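Here we start with a single chain on its own, the form predicted on its own, put down as structure tokens.
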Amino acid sequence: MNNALTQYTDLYRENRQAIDNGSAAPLNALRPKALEALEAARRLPVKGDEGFEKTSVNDMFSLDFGVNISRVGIPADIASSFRCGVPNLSTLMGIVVNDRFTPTSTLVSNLPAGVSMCSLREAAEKHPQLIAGHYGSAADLSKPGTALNTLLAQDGVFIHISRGTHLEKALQLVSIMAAPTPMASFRRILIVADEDSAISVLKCDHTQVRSAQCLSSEVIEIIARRGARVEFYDIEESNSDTSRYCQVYVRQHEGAEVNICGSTLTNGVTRNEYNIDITGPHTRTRLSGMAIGAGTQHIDNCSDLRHAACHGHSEQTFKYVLDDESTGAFGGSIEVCHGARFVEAFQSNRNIIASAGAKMHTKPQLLIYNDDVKCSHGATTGQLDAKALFYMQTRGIPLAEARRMLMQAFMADVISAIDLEPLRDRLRHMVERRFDGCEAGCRECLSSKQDAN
């Protein structure tokens, strides 16, 4: 078996000075610990290592990808990355090409006081103590994928909202993978919401249409302080040559509310991990996701949610619709720790297999270490309701349209979990177009390309 980890640790040892020079002190400070963790792990996880049908991280990283350690500017033709235009969503937008952040003119002129959105390198220069105190504070270096990202990430995005600030407009990150040769990008996103603040962040991932094979390694840390409200929405519309490994870490303090929704509309191979650590009482957490698979797409979502305090409420809902030869996997864990009384935690995974060649693997689980809780979990996998299809055809609806209508309705409760109304309406339209056969989905940012230039 090819040990993909070796090529990256060797790359770091041979180019450590160049990697550090292209980054910032808080990021550089964690690299030795990351290397130590990787040396202890010896390899990236392969299928079977984690006790479930999770995607092999080793296979995702095994191709001889290039890494842009010299920080060479790679242009992206934004117009060609978005093919299906829909009305513009009113947001404050920044563009990320691989790991390089560029604010749009709208963001620069309209970002209100108390809110920061900039590159990690810039933030480390302006707010070194703030970055040093939060970067890596939620991420778990015992996970080899996180340790590898920490070893090689040179830049990313920093979002901060100060105490008591409520941002009315959503912030949007348009992330584009672009490279003339096979390229791996290691990117970090750090979101810090101070006490009693409120913020919504939309991230949409795309691949340059004419790009070579791409690998996106991304670690996202979300710190929600006491009484903060954070909404984070993630939409992937990449192409079949893209591999994406996204690890989300959430640290949720007393009274904080967090709503996370991930949507995979088009992709190649995707593995999303959600690690939510609820450390304070009286919290509310909602985690939802949906995946639409066709062709040979592979979509893997796994969640680890830990209640370590009393009076927490959490809901998880993940839904898949898989067609053709696509495959899906879901592994979800809820842990209610000793002493975390009066917790309510619910988890649901429901899946539709729309063809004989599609496959789904699912494993929800509960770990409960005290009484006085309300918890449930469950999973169902089946086909479209034959009786409903027959009924709709007797009413003059063609079979293809009836199938599409049922699949759209199946995703309705995931979409309704989005609190940001304009995005909720937009995503409903995007899902409709996806089921209509639009391979690229509905590119969110077409009408903003002039603003980004």
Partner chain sequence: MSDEILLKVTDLRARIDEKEILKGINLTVRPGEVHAIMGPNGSGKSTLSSVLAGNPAFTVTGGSVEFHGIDLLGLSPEDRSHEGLFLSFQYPVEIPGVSMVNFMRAAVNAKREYFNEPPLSAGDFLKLMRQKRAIVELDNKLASRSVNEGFSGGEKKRNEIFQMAVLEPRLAILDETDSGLDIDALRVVAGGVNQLKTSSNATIVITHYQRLLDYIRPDFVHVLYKGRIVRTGGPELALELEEKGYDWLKD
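The structure displayed is predicted, hence computed values, not measured ones. Positions refer to the first chain, counted from 1.
One more form of this protein should be noted, the form predicted in complex with its partner chain, which is absent from this view; the next part is about it.
- Judged by heavy atoms within 4.5 Å of its partner chain in the predicted complex, the contact stretch among the candidates 35 to 43, 54 to 62, 419 to 427, 397 to 405 is 397 to 405.
- Checking 30, 392, 414, 69 against its partner chain in the predicted complex, a heavy atom within 4.5 Å turns up for just one residue: 392.
- For residue 388, a non-hydrogen atom is located within 4.5 Å of its partner chain in the predicted complex, even though that partner is not displayed.
- Shown here without its partner chain, the chain has no residue in 414 to 429 lying with a heavy atom within 4.5 Å of that partner in the predicted complex.
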